[in-house]
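Okay, so here's just one chain, in structure tokens, the form predicted alone.
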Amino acid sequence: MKKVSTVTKIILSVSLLTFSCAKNKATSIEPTPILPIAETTLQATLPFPMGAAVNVSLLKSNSNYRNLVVKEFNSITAENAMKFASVHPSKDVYNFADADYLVDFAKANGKRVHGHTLNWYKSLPDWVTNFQGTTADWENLLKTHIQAVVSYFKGKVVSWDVVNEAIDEDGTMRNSIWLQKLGADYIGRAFQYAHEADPDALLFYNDYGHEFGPTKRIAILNLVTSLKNKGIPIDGIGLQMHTRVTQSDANLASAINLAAATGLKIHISELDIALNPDNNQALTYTSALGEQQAVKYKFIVKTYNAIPKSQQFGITTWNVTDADSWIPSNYNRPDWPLPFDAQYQRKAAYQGILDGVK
């Protein structure tokens, strides 16, 4: 056997050591992971809460709908699940099943819940519309309903539309069953009853038509200012903003800015922008229409974002996608009023909302 010299041994040892170190070094370096780029969403981008009114049946049955709500919104309103007829179907019976589902869904997914609505002239069960009793009996009916519902959700629902749509188109008090039985002061008492049941809940007066023109807008502002001046516990105004692509920017700006001038919190509470207000049965969605809608969404968001931050309660769209909107069925026409299309995809309106806070 050929002898290996001492020098050769040393060279071999050093070579093996170098190879071993190089090998260890190479295998100890992990590849740098390619991190996913954080996807832009409404709730992550907007500097105020972005909400949607949601349909509980769709939340339960449609995973695309549910996933979109989870992904895009951090505030939710019950579209129908907390209205009088839903939660109080009989005089001595309350049914909170759907409302509970919504509240549990919100809690599990880190979302705020806005309650809608404690008092409205619509969505009343037959036992209320057929109720026979004295003024005191009607007062007890109003108080009992409000306090039972608000108490039940105390600590779970952060805010309520206490009274909804009490002003008519001409600026007079709406001739509702509540006005007929209890007089105009029922509004203030409704707020007091809600506040007694949950002193921490934020309480809103909610109505549509602020952007139609001065007649109804002034009447609404006079009402909320009068409540505030009387010391009634009112915290904010809900501007429903069921509007249309043809509405003037001047009217939209007046609606938002004059409401904010009251000093109350402002909630754009039921936003959608109709593209077919003329009920054209042959109209189809085009990219040009979508861009017009995006410009209008941008203007509303931009105007809202300019009011004092302390007054920005948030913006809520009325439902989630065009497929779920109330407008096509209610007006029996094609329309596309929301930021997502019927296939749950973002429309130009979505970018319009994001552009409103740039």
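Residue positions are given as counts along the sequence shown, with the first one as 1. Only a predicted model underlies this, so the values are computations on that prediction, with no experimental measurement involved.
Another form exists, predicted together with a small molecule; not displayed. Remarks below refer to it.
- The closest non-hydrogen atom of K216 lies beyond 4.5 Å of the small molecule in the predicted complex.
- The closest non-hydrogen atom of N251 lies beyond 4.5 Å of the small molecule in the predicted complex.
- Although the partner is absent here, N140 lies well away from the small molecule in the predicted complex, with no heavy atom inside 4.5 Å.
- At a distance threshold of 4.5 angstroms between non-hydrogen atoms, E165 is in contact with the small molecule in the predicted complex.
- With the partner omitted here, the stretch from 258 to 266, 220 to 228, 234 to 242, 275 to 283 that lies within 4.5 Å of the small molecule by heavy atoms in the predicted complex is 234 to 242.
- Between the small molecule and the residues H210, K111, H88, H116, the one pair within 4.5 Å by heavy atoms in the predicted complex involves H116.
- Put simply, of Y193, F105, F96, W120 only one has a heavy atom within 4.5 Å of the small molecule in the predicted complex, and it is W120.
- Although the partner is absent from the chain shown here, none of T40, F340 and Y350 has a heavy atom within 4.5 Å of the small molecule in the predicted complex.
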